[in-house]
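Here we start with a single chain on its own, the form predicted alone, put down as structure tokens.
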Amino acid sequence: MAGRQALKVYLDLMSQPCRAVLIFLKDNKIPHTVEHIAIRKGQQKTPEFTKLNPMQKVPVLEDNGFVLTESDAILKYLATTYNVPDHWYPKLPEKRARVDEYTAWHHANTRLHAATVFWLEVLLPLMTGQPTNPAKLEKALSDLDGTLDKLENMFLKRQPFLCSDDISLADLLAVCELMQPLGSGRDVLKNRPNLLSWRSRVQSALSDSFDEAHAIVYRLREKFTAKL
């Protein structure tokens, strides 16, 4: 946009919401710079970053002095502030409400349950040196299955994307979460052809930005599966 300086985002690409923000910026060719914050090194706890975001979390957006946290808010800000295609976050109230409906549901469902599988199978063993607890993992996978059922039967229905006939912020947030368990080599969609087709459509719509952002997940998968 004319007269605006390139915005800055603070990201750790091991974070699913951070990848969603980066993909959106790249796919829509929004000028930006990235400050990488390594959560594993505690860089989110530095005085400088804490001043920017007292919650000590990423992503964070800084746009001409305006600071915003939370991926949902950041993505909707970008979609309404910058010149991006309407399908991302439609102006028509009914269509926008469908995206809001999903994103309100997303945090306690798709995000929570996919992240729990990754936590139990990858992060916790790495942090503690202890093997994955089979009972807890089974419960987490069962919870995730319930969420995947709703994605198929409520949101996708007979339409190609979660909220309409075109990709939206809902699809972007969802796909980044569902890619996360791939870090252990687990494809949570492998027995769900409808969701696999949906993921392929999302990936095709996003082109190179999808794989670029998920390169860190692919590298983790290679390391994890090499140990098996």
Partner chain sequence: MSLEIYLDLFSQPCRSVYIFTKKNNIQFDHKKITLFDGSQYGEEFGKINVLRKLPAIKYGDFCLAESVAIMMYLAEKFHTPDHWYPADLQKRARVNEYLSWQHSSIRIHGSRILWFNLLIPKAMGVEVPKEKIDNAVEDFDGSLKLFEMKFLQDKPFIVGDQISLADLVAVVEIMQPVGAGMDVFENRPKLKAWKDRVREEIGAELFDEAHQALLSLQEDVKTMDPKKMDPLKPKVLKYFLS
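Worth saying up front: this structure is predicted, and the values here are computed from it rather than measured. Numbering follows the first chain given and starts at 1.
As for the form predicted together with the partner chain, it is not shown, yet the points below apply to it.
Contact annotation for residue 38: none of its heavy atoms lies within 4.5 Å of the partner chain in the model of the complex. At a distance threshold of 4.5 angstroms between non-hydrogen atoms, residue 143 is in contact with the partner chain in the model of the complex.
Shown alone here, residue 97 lies within 4.5 Å of the partner chain in the model of the complex, counting heavy atoms only. The partner chain in the model of the complex comes within 4.5 Å of a heavy atom belonging to residue 154. In sequence order, 66, 67, 68, 69, 70, 72, 73, 76, 77, 80, 81, 89, 93, 94 are the residues of 66-94 having a heavy atom within 4.5 Å of the partner chain in the model of the complex; the partner itself is omitted from this view.
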